[in-house]
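A single chain comes next, written as structure tokens; it is the form predicted alone.
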């Protein structure tokens, strides 16, 4: 199953529900009714709270206590749970680690897909870094999606267009990774995707497009550069490369991408799988899912990370003012 948390998670999972055939059911969880109203189908759970206060991740977790049984039911029975959330704001940062832990306790293999904030959203960095590290501790695999490199390559777009484009590229890449064999695609297979993501450390999903003469080389290079800005590329040990284009997409372009990926990462021993989709346009989109990264640049977002190894690092729960005395659970 796939579970979208918060605004970004709901938008991505809703769009993904129309793209993938490997996910059996979809669910959505948010503190904002508008997020749930914008999606079609699937199970929906609203965490209700006061509208006159700015919530923190700890407050969202506090409000969620009385919804524990409903959240547990969302993930029960699933063999694999994909949790998609934007980190940095209260809902995604607060609930994603909680739901991932519930899914883990239910016996599912949990894959958390973390969409990180843009570089200019400095106020979101601390919560994003903290939530990402906590997700790593309770998930079988964590896939990091960085939107900041996309912003730098499309600086003339409006902010809404940036968000829409980021979500669209994430959905295209995830949809290709989670697809079955068809007349217009050659999928990599769910087992190979999970085998890549379940490697120790973090995974990164990066995408880039090109319509130039050397479009495969250019798009692949830009996708790898996107990862290099957030992690040490030589640490990568497994990767899946996805090429999405039209019917003119040739086998030679796939071969080029597979051969060049190892050298671009600076690791000739990297294990590379591939997937091809002919449902795109004339511009070639290359998506790279790479795993094995021991650390990320996002570690710097949490300046207390080094201290947490000797401190009680259990997740904090609190309630908005005025609700402290309200019984939340038995």
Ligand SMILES: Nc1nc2c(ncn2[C@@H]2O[C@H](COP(=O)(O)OP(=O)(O)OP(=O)(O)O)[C@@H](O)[C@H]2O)c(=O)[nH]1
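Just so you know, these numbers come straight off a predicted model, no measurement behind them. Positions refer to the first chain, counted from 1.
Another form, the form predicted together with this ligand, is not on view; read the next lines as being about it.
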- Item | Listed residue that, although this ligand is not shown, lies within 4.5 Å of it in the predicted bound form (heavy atoms), from 244, 203, 112, 91 | 91
- The one residue among 101, 76, 199, 121 placing a heavy atom within 4.5 Å of this ligand in the predicted bound form is 121
- Item | Segment assignment from 253-261, 164-172, 235-243, 212-220: heavy atom within 4.5 Å of this ligand in the predicted bound form | 164-172
- Message: At 4.5 Å between heavy atoms, is residue 226 in contact with this ligand in the predicted bound form?
- Response: no
- Using the partner position in the predicted bound form, report whether residue 97 sits within 4.5 Å of this ligand, counting heavy atoms only. no
- Message: Under a 4.5 Å heavy atom criterion, is residue 8 part of the interface with this ligand in the predicted bound form?
- Response: yes
- Query: Closest heavy atom of residue 129 to this ligand in the predicted bound form, within 4.5 Å or not?
  - Reply: no
- Message: Using a 4.5 Å heavy atom cutoff, which residues in 51-89 contact this ligand in the predicted bound form? It's fine if the answer is none.
- Response: 86, 87, 89
